[in-house]
Structure formats: C-alpha cells, structure tokens
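As structure tokens, one chain now follows by itself in the form predicted alone.
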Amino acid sequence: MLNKRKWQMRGYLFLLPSLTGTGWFVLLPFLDVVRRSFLQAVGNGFVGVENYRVVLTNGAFRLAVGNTVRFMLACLPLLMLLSLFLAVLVRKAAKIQRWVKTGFLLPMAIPAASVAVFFKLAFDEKGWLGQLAGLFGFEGQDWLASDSAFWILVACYIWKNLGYDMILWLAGLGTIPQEQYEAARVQGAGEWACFWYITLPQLKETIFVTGLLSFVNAFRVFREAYLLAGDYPHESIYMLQHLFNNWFVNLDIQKMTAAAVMLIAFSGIILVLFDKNNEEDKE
C-alpha cells in the first residue's frame, strides 16, 4: 500500500508543471472572466445578472446559438454513422485497408484555408459548378449567399473529419475478438445480427470517445465558415464563434464575458451528461 501511494505521488509530481501552467494561464483568467461578467464595462460597478439578460435578449446571440445547435444536431449523427459504416467496410477490405486509411486521412493534412478555397471555388457565384451549370442553360447561383451555405459547411466539416472518426472506430473494432463472430456464424447469425449483438455493444467506449471528440471538433468549424464567407456570412452559418469575434473587435467585453460563461457552463453540462451515460453503460 505504501509503495502504491509513493507511485501515485510521483505521478502527481510529474503532472504538477502542467497543472500549474493550466491553472495560471487558463483557470485564473477564466475566473476573472466570470468576475467581469457581473460588472459594468466602465467603472467596475456590480450589475448582477444584467449582462446575462442583455446577452439572452440579443438577436444575434439567439441566431448564433440556434445555428450552432442546428449544426451540431445535423453534423454529429451524420458524421458518426458515416464514419462507422466506412470503418466496418474498411476492416473487411484488409488488402486495401492501408490505402483507404491514407485516402480518408488526407483531408486532415490539408490546411483549413486550402479546404475553404476549394469549396469557395466550387460554390461561389462564379465558381466552377456555376460555370458548369451555365453550359447546360442554368443560371449561376451563389450558394454561399443562400440557405445552401449551411449544408455546404456541413459537407466541409464531414469531409475533413470523416477519416479521423473512421480511425477511432477502427481502433474500437480491432479490440473485438474474431472468435465471437465465428461462433455466431456457426450458429447461423447473419451480418446484421453480428453487428447488432456483437459489434455495437462492445463499441460503447468508442462511441463515447468519438462522440466527445466530434463535439469538440465541431466548434472549430468557425475557421472554414470564416474563410468561406467572412465576418458576416449568410445568416444560416452565423455561428457563436462569429459572434464572439465580432464582439471582440467591437470591445463588447461585458457581452462577451457573460456569453463565454454561459457557453462554458452549457458545454460542461453536455460533457457531464456524456460521462454519466458512459459510466451507466459500464455498469
């Protein structure tokens, strides 16, 4: 027992520099953000929850929150299902698995700016898709200035992250013993039965990790949205990151701090629910 405690203390000592840096450069500044969210912009007078009320009644904030939630609800299930489907197919194609993995991981190595330029060249009013439509007698359309911009951004996000999630699924699939499938097939089980009763139950840990990382990565789609349409894009892709960026430029500190606290609280609740569901599945 004593040796175990010594090893635990050594582990904490190794973590101490990182914990100190995180506390000093992340935790303390965030606590200051929480403090400022209850103060006036000038004079540091205490205003209670007034800043939060102003943010919650702000039209741009409501639009950004709605678009961000809509984006999450559209992207995450679609990305996870597509990547799982591809992972199952790739695992069966053992001979070409290496090349398929490389092909799907290639978008991750491409800079976000290059990805955005490609999509902009395709879907801009004078892009090659518009030019191609003109050859067949159809009038060119600026998809980035219409409701189609939302689905273009969804496609951009899925294309860039599909390979990453597929690798995570493949890691989970690799831990399932092949003997279980062989025994099930001997008993007459088909492919769907094997997937439903053998594969899916043993992927619970992978579902948790993949879902969590996909949720976090979805907040990074601002890079593509900003590069595609700038500070003020079509309202269908006006995300929370656009809002924070514009408030920062205009130095709306009180709005920004109150919104940041609410965003962190909401994200924390989602992560706790993720973790709680994962613990219940283990039991």
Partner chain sequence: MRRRKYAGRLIGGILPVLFAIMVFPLLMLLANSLMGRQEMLETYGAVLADSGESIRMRVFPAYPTLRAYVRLLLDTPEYFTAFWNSMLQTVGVLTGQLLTAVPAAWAFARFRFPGRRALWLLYVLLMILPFQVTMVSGYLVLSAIGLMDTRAAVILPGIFSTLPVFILRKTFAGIPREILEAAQIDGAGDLRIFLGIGIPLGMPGIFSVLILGFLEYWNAIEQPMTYLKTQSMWPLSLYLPQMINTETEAAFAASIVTLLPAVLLFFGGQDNLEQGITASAASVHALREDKT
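What you are looking at is a predicted structure, and each value in this text was computed from that prediction instead of being measured. Residue numbers count along the first chain shown, from 1.
Keep in mind that the form predicted in complex with its partner chain is not shown, yet the notes after this line are about it.
- Among 149, 76, 198, 162, the residue placing a heavy atom within 4.5 Å of its partner chain in the predicted bound form is 162.
- Heavy atoms of residue 205 reach within 4.5 Å of its partner chain in the predicted bound form, making it an interface residue.
- Put simply, residue 186 is far from its partner chain in the predicted bound form: not one heavy atom of it is within 4.5 Å.
- Although the partner is absent here, residue 216 lies within 4.5 Å of its partner chain in the predicted bound form, judged by heavy atoms.
- At a distance threshold of 4.5 angstroms between non-hydrogen atoms, residue 256 is in contact with its partner chain in the predicted bound form.
- Residues 248, 251, 253, 256, 257, 260, 263, 264, 267 of 248 to 267 are found to place at least one heavy atom within 4.5 Å of its partner chain in the predicted bound form.
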